[in-house]
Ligand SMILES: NC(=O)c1ccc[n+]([C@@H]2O[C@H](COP(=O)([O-])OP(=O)(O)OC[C@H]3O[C@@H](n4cnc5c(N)ncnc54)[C@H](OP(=O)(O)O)[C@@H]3O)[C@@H](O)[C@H]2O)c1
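Next up: just one chain, as structure tokens, the form predicted alone.
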């Protein structure tokens, strides 16, 4: 949560998720455009498509990754260099738990293993796709985009709440 995390922690998260991606992309593009070939695969998140209470910096920095990747991919037309941005949903890593989600409050069919995300990203890059999200994530993103925020944000908070309550109960002090 922005109000309980330090400004330094939030800045580190934003720098890692957005500015580091920008710098690495820029560095990789020099050699790739010189050789007129190459693929960059960025890992974003399905939460890049909507605001995420208690994960605002994470979601906003992932939205930056999407926007940067789509725009630069467009700029690269005709160069032989492409960018694919992968936007996985709930993936069995430490990140969902840090954002308050866990497998008990999210339907099992929505969870992915990291290996499956990698496979999807590699196949998408080989086909020249720009943004890859998966059907359920696309549906969620569309709902988050078209439904009023007054409906979307409380729903997201309800999905997080059981995980956040357990995390608060287990933390010292």
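Residue numbers count along the first chain shown, from 1. These numbers come from a predicted model, not from an experiment.
Below, we refer to the form predicted in complex with the named molecule, which is not included among the displayed structures.
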query	finding
is_contact(residue 45, the named molecule) in the predicted complex, heavy atom dist at most 4.5 Å	yes
Residue 22: touches the named molecule in the predicted complex, heavy atom cutoff 4.5 angstroms	no
4.5 Å heavy atom contact, residue 58 to the named molecule in the predicted complex	yes
The named molecule contact in the predicted complex: residue 100, any heavy atom under 4.5 Å	no
Options 123-131, 36-44, 141-149, 66-74; stretch whose heavy atom lies within 4.5 Å of the named molecule in the predicted complex	36-44
